[in-house]
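Only one chain is shown below, in structure tokens, and it's the form predicted on its own.
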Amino acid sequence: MKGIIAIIKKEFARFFLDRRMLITTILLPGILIYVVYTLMGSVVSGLVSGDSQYAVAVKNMPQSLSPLFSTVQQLQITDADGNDDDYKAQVEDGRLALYVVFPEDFDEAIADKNDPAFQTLQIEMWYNSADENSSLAYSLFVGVLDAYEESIANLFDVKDGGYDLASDASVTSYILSAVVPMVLLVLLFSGCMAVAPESIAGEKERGTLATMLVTPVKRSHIAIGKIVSLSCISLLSGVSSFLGLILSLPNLMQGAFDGFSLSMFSVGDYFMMLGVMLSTVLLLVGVISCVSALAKSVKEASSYVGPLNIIVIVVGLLSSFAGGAASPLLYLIPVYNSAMIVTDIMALSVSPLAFALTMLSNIVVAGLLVFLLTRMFNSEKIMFNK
């Protein structure tokens, strides 16, 4: 036991006394995630709020449509009385967002819409799809026209647009269950990647690991000490990133959903989340440590572990699409079970059995990985690259 504690102290001293590593691994990820997601939310909110205005030139604006377009503040409509080619050129070079030409007898023709000889009217519109403002102006203009067309040929309506029975809590949980599992797995994996290869392959490359192996400390204690200490450090990195994500989500969703709130989660939900994160980190650190033990350098270890990141992303996506597991046995699959249980927690539908199976599976597999790492440390061929 003393050997394990000594290894843990050594790893903690190496990490926490290095200010650069401490900042880049623990503090910076959470801060960056919060800042980036908050800025994204501000941009989305600005787009949704419709503060921008678009210049639109309209020829032969019908009197029946003029009041409708006057209510759309984003469209600055002016009467077009010049040459068509001049307006088209303005749209093409970005001076004008949209140019529209109505038939001269639009209102008279609409009045005869029930006449058997009535022919569909053609409205000509020119816009620039390569210009974001032009595309948005086109969409707004077409939306008003569609609404007008429905109003003059209205056969039935859905009363008040239908009644949405979804509560703010259910909408929030739906959004989180689709976003958090994949992002959380990637964040945890990134935290493990930042510390594990350096601790195993890095010391192996510098020769300090070989020195450690010839000390009286049991190699099994070295393996356990490294995995425990690396897991704690990786968990701190993951918690920092997770806090940055959770705290920034209300800012990210402000433009799309005003009722977004995290108040529906209880203290027990957060403790379950922490438990899943810890067991997942133990598992990921064990995998990365075993792979790193095979490498001769940090660069080689990173190249070995890199493809695993793709697997983590795919697993996170699968859990979001799957919704809930059909069988409790699926919670025994390492990593995938973590993504599934996080989805369940976010969706407020977690099962005690599923949570227990997830924790048990991750801890057992992590124990097997510790045993494998111990056997690798006992192999002179692997440790000394013979």
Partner chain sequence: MDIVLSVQNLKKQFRLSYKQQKLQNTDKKVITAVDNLSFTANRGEIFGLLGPNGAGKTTTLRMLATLITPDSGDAFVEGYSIVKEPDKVRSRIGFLTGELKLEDFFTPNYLFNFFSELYGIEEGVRNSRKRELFSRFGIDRFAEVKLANLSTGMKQKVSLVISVVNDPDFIIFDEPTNGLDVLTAKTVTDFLLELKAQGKTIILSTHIFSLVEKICDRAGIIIDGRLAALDTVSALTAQKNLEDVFFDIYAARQGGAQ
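Positions refer to the first chain, counted from 1. All of these numbers come straight from a predicted model, not from anything done at the bench.
One more form of this protein should be noted, the form predicted in complex with the partner chain, which is absent from this view; the next part is about it.
Stretch 209 to 217 is the answer when you ask which of 80 to 88, 298 to 306, 209 to 217, 278 to 286 has residues with heavy atoms within 4.5 Å of the partner chain in the predicted complex. When the partner chain is considered in the predicted complex, I23 lies well away from it, no heavy atom lying within 4.5 Å. In the predicted complex, E203 approaches the partner chain with a heavy atom inside 4.5 Å. Of the heavy atoms in R375, none are within 4.5 Å of the partner chain in the predicted complex. Although the partner is absent here, I382 sits far enough away that none of its heavy atoms falls within 4.5 Å of the partner chain in the predicted complex. Counting a residue when any of its non-hydrogen atoms is within 4.5 Å of the partner chain in the predicted complex, the hits in 1 to 25 run G3, A6, I7, K9, K10, A13, R14, L17, D18.
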